Ligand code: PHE
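Just one chain follows, in the form predicted alone, and it is written as structure tokens.
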Amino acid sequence: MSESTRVTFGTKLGILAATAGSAVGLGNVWRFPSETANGGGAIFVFIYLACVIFFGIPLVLAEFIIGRAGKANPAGAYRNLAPGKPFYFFGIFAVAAVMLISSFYMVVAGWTFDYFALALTGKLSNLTEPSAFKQIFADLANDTWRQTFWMAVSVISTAVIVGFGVKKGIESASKLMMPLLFLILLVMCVRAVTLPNAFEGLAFLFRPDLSHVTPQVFVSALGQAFFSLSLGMGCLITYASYFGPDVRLGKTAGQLAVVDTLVAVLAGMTIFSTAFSVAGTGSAEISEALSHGGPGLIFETLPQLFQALPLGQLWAALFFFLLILATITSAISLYEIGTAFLHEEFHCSRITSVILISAFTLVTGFLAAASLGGDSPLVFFGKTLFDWLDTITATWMMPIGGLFVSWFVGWYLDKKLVRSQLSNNDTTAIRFFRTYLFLLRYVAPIGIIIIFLVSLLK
């Protein structure tokens, strides 16, 4: 598909909403607060911001360059930029990673729908004991068909949006959902920071304590920057292939990083303010839940905190609706990669491509959900299939995909092409081109290798 005929996003707001929606997801809500708790609060936040600037943004720009210059899905983009070379398989690798991620991510998306329904119907309101909240989630994890039903709701919702195309589907939905997500998050944040003793939570988040500076905090901040920006999966490559020639890549990358970070910080303000207000600074159970994060934080601890507030049912419902928006905006980008790949590489229609991606996700998602049951045979070497899909993609495939991107743009692509993309064909001045290449060639790969090795050793 040529540059002149390829569809592009229609507005700058659409570009920002779609790319930010790709990055903003559950990692902003449950991974960032837990990493912040483990990293000693504010000092982690400041190190994380530095990692976003010097590590994350250069890789975002590299994916943007591949996408807009290649004008295709990840596989096609690599092929177009390096015809006759085996780099095409870099793109195949990214598509495979995304398909595996979708298999368990849509199960988690289904959990958010399920809990939104529980909150709306008041089934969380009468619970008081921590064990009761844990049992609610345990019951869900052991009910394969209940998980499959809500996963199907998530899959169908995402498929309908992607099926309408780039402008009418992805862009329109993103322009609606991302502002709504921000509005709900701001409302919840304002409510949280006005609670009694909320200042203690804000102090933990924003008052740095240098005694917490350790090598592990640097590594954790590096990993959070990488995963939060959805690097190494081809999402940003695919979306950038829909950028017009007038889109300023540097500005867009900066805006994406700001929005993604802002969502994470607002989520942290909401969660820590609520936790310190309701449970107090001395609650060992809350502290442990925050530090470990994951499903336990979102589906066990936070519902318990919300129910301790006035109008707890309302705040719980708003929170899980917020999670639905976050998961669906991310799921849209995952779906679009596979859809674009089938549409462009195998000449399937968009609708056929979406149906095939949905069918694959439903089957593999069902197996991932079924593996969570207590007596499931889908457990291998002590891990469920669900956990294996998470481990393989997060520990191996995403970092390797990030290395591909860094090496391809930093070392292989003609630097005139890289400069041309960053300067919009020399219409915009570039003051830090050599610095950018240095960060992409050396800093980014070193950071990715550190993430990779630390993840292997866990």
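Heads up: residue numbers just count along the shown sequence, starting at 1. Given the structure is predicted, the values throughout are model-derived calculations rather than measurements.
Another form exists, predicted in complex with the named molecule; not displayed. Remarks below refer to it.
Chemist: Can residue 170 be called a contact residue for the named molecule in the predicted complex at 4.5 Å between heavy atoms?
Modeler: Outside the cut-off, so no.
Chemist: If you check in the predicted complex, is residue 205 within 4.5 Å of the named molecule, heavy atoms only?
Modeler: Contact check for residue 205: no, nothing within 4.5 Å of the named molecule in the predicted complex.
Chemist: Applying a 4.5 Å heavy atom distance criterion, does residue 105 contact the named molecule in the predicted complex?
Modeler: Yes, residue 105 is a contact residue.
Chemist: Is the gap between residue 77 and the named molecule in the predicted complex 4.5 Å or less for some heavy atom pair?
Modeler: Close contact is absent here: in the predicted complex, residue 77 is far from the named molecule, nothing within 4.5 Å, heavy atoms only.
Chemist: Could you tell me which of 38 to 46, 22 to 30, 420 to 428, 53 to 61 sits within 4.5 Å of the named molecule in the predicted complex, going by non-hydrogen atoms?
Modeler: It is 22 to 30 that comes within 4.5 Å of the partner.
Chemist: Taking 4.5 Å between heavy atoms as the contact cutoff, choose which of 101, 95, 322, 72 touches the named molecule in the predicted complex.
Modeler: Only one listed residue qualifies here, and that residue is 101.
Chemist: Under a 4.5 angstroms heavy atom criterion, identify the one residue in 162, 235, 368, 151 near the named molecule in the predicted complex.
Modeler: By the 4.5 Å heavy-atom cutoff, the listed residue in contact is 235.
Chemist: Counting only non-hydrogen atoms and a 4.5 Å cut-off, give the residues of 197 to 228 close to the named molecule in the predicted complex.
Modeler: Stretch hits, in order: 227, 228.
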